[in-house]
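Only one chain is included here, represented as structure tokens and corresponding to the form predicted alone.
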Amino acid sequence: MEHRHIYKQGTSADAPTLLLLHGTGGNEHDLVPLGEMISEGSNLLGVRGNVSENGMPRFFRRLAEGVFDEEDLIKRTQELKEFIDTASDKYGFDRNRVVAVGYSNGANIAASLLFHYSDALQGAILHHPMVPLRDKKLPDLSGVPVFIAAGKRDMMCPPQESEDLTTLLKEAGAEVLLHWEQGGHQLSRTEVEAAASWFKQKFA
């Protein structure tokens, strides 16, 4: 399924393409500055979610705050994977070298890509994610690098969610770094800088 999106050609043929996934109410442009901070040479693919909640774009429906519509999540995750496949053909980037950068709702759908497909992402940077699905057997994620940024006073995404997600990904073989901030659900400059430093170690 088509998504509204933007694509910015990068300057480095060696850098992975960054898949930018916004939070609730955001759009395909929101995380472009974030992507440029993390990897200035990467192609940037900013995607808008296809679900509307009171006029606010999201990547999948929820039944209440923190309660996901799991059937819709699974469907939208598949649609997003197919969109990335199509975009790689359209824009000519290496499909095997895509790293997701997601915030909140965008981080949740990025985590869902990892939960469903061993080959959807080369890695992921997840800002304030939750566990997308409980009781799901994960694919083999051996060696897939994942950075998780979490807030110790995050009311939208309790710390336990980040710890549980870290555990589940590690059990599937992923290499996870969990970075803690003292604040809440907002994106902080320090966590973006930490993500950029981590990215350079893993993908330089």
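Owing to the predicted nature of the structure, the values given are computational and were not obtained by experimental measurement. For every residue, the number given is its place in the sequence shown, counted from 1.
Just so you know, the form predicted together with a small molecule exists too; it's not on screen, but the next bit is about it.
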{"item": "Partner-contacting position among 143, 33, 66, 159 - heavy atom within 4.5 Å of the small molecule in the predicted bound form", "value": "66"}
{"item": "Contact segment among 143-151, 171-179, 57-65, 44-52, judged by heavy atoms lying within 4.5 Å of the small molecule in the predicted bound form", "value": "57-65"}
{"item": "Partner proximity in the predicted bound form: residue 84 to the small molecule, non-hydrogen atom cutoff 4.5 Å", "value": "no"}
{"item": "Proximity of residue 74 to the small molecule in the predicted bound form, heavy atoms at 4.5 Å", "value": "no"}
{"item": "4.5 angstroms heavy atom contact with the small molecule in the predicted bound form for residue 130", "value": "yes"}
{"item": "Residue 112: touches the small molecule in the predicted bound form, heavy atom cutoff 4.5 angstroms", "value": "no"}
